[in-house]
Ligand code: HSE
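The form predicted alone is given below as one chain in structure tokens.
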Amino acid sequence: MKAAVMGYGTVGRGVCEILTEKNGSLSAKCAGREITLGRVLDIRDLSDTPVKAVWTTQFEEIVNDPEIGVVVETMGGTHPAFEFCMRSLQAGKSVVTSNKQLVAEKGEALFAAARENNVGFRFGAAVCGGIPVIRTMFYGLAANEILSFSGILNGTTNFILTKMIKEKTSFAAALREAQEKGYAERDPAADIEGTDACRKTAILASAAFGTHIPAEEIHTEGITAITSEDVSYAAGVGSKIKLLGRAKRLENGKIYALVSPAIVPDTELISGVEGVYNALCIHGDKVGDILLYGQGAGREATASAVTADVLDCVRNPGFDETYSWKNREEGRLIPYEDMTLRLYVRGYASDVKTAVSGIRETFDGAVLLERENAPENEIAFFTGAAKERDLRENISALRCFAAASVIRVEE
């Protein structure tokens, strides 16, 4: 069988190298069924690259080639990636993608086409790169009901926060370094505003709970408002600030999903994940907590996951109902404000004595926090546990106090 790769960027190039260099060992893992590189689609001139013999700029050469059984999409974006993937599935070819945006936004339609044409549609590399989180949810934890997950799903933001925590740099300085090292794009909005983590959370929630969770319905906050003051207060109580994507299945079957910064105690394993690494903690009803950790991006790690999906499609070319989810169910996702939690609050008082008195009266179980060199009028505290909606209303109503930072506490 031949495979076609659409997009000869960082990941696509890595997939081509693996398919070419490891042809023999990959075929052995497919019970002797040979898998070779048939076509590479890219609008750029690849005549001076290792794939020049199979390079094409015409998608028709892929979709009309009966020897190509698997199409790999590493183009990114939704157009023309979606159209090309749909036509490939409709032509009876399995599709493998590393495109998180495509899966999050168009997964329902692609599953339907794959099911109708009895071909594979796989996307293990779309979340956490080389870490087999999707495979674990669909197969490794098949005997479990997944009750919740929480994870560091974006390496760029984790690098920035790690710099702010360990080296006490500002957000702006940490972002500049991330860009200089190539971890952040020139326009880093998708990372620092949480969009990337949101798409991954939507995919993970859909896989975990068996129903499509639209990314646009998940409340998302990035890390642009995190300050060195917040980092210092968190450290003072043995915690770190992380950007987390999390979701939970409630007892009534409803689903809670959220992407936002969170204060994570150092006693939690995920608190120690630093730099550009990703980690995902999954809680199953039988297995309890498991932690998956590793490189969430990069050419080799992501290409490895893509190629593993290609091999699955060669071994099992038909549609795998286990590796899918149902269409969106109206009303399944609850408003994030309805969840009970604690909040960290930092702000400034026009009258410290009155503000502190009001905090103690308003929030049952409130804990005042301290840090070195804090201005006299700066106050930081943890609220007690209550519904987020009520907590935020009470924060807004405090006398002589204006909140500057509000961060959820992970427990």
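For the two forms, the rigid core is made up of the largest set of C-alpha atoms that agree within 1.5 Å on superposition. In case it trips you up, residue 1 is the first one in the sequence shown, and so on. Given the structure is predicted, the values throughout are model-derived calculations rather than measurements.
The form predicted together with ligand HSE is left out here; the points below concern that form.
Contact with ligand HSE in the model of the complex, defined as any heavy atom within 4.5 Å, is confined among 227-235, 332-340, 290-298, 136-144 to 290-298. Remark: residue 212 does not count among the residues lining ligand HSE in the model of the complex, judged by a heavy atom distance of 4.5 Å or less. By the criterion of a heavy atom within 4.5 Å, residue 200 is counted among the residues contacting ligand HSE in the model of the complex. Ligand HSE is not shown here, but in the model of the complex it comes within 4.5 Å of a heavy atom of residue 153. Not displayed here, ligand HSE is kept clear of residue 266 by more than 4.5 Å at the level of heavy atoms in the model of the complex. Here is the short version: of 242, 100, 163, 248, the single residue with a heavy atom within 4.5 Å of ligand HSE in the model of the complex is 100. Only one of 111, 123, 84, 183 comes within 4.5 Å of ligand HSE in the model of the complex through a heavy atom, and that residue is 183.
Residues are counted as partner-facing when one of their heavy atoms sits within 4.5 Å of ligand HSE in the model of the complex; in 186-204 these are 191, 196, 200, in sequence order. After superposition on the rigid core, displacement of the C-alpha of residue 187 between the shown form and the other one amounts to 2 Å or more.
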